[in-house]
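Below, in structure tokens: the form predicted alone, a single chain.
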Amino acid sequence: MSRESRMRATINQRLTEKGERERLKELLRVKLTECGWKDQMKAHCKEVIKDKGLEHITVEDLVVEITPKGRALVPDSVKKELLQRIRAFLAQHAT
């Protein structure tokens, strides 16, 4: 396991142990709904299903198809806010 992988695992563990991971996930849900991301992704899913046909696409196929666009549509402001909150959490809980 690389140093970066160990660091990510440690950060993830701390976020989970302190309940911050769930708070961040809820914040992300709220922010994505507020900015219309959820509606855009819902429309994109419908489009993909319509193009490929409901009988010819699995949930896994749909996830693979929509993930790149979903990531690209997350506003930079939302990404920055989450990153700032993670950094603040880590600074506060540094050992």
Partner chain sequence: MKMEDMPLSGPDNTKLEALVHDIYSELVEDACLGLCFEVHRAVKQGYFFLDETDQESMKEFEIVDQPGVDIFGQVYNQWKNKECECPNCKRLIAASRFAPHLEKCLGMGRNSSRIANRRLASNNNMSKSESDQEDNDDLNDNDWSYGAEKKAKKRKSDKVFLHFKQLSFIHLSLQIFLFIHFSCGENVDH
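Positions refer to the first chain, counted from 1. Superpose the two forms; the largest set of C-alphas matching within 1.5 Å is the rigid core. This one's a predicted model, so the numbers in the text were calculated from it and none came from an experiment.
What follows is about the form predicted together with the partner chain, which we do not show.
Novice: In the model of the complex, is there a heavy atom of the partner chain that lies within 4.5 Å of any heavy atom of residue 57, even though the partner is absent here?
Specialist: Judged by the heavy-atom cut-off of 4.5 Å, residue 57 is in contact with the partner chain in the model of the complex.
Novice: How about residue 35 - does it come within 4.5 Å of the partner chain in the model of the complex, if we only consider non-hydrogen atoms?
Specialist: No, residue 35 sits far enough from the partner chain in the model of the complex that none of its heavy atoms falls within 4.5 Å.
Novice: Would residue 14 sit within 4.5 Å of the partner chain in the model of the complex, counting heavy atoms only?
Specialist: No - in the model of the complex, heavy atoms of residue 14 and the partner chain never come within 4.5 Å of each other.
Novice: In the model of the complex, is there a heavy atom of the partner chain that lies within 4.5 Å of any heavy atom of residue 18, even though the partner is absent here?
Specialist: Heavy-atom contact with the partner chain at 4.5 Å: absent for residue 18.
Novice: Can you list, in sequence order, the residues from 15-45 that come within 4.5 Å of the partner chain in the model of the complex, counting heavy atoms only?
Specialist: The stretch touches the partner through 15, 21, 24, 25, 28, 32, 37, 38, 41, 42, 45.
Novice: Residue 86: CA shift of at least 2 Å between the shown form and the other one after core fit?
Specialist: No; that C-alpha moves by less than 2 Å between the shown form and the other one.
Novice: Following rigid core alignment, is the displacement of the residue 16 C-alpha between the shown form and the other one equal to or greater than 2 angstroms?
Specialist: Superposed on the core, residue 16 moves its C-alpha less than 2 Å between the shown form and the other one.
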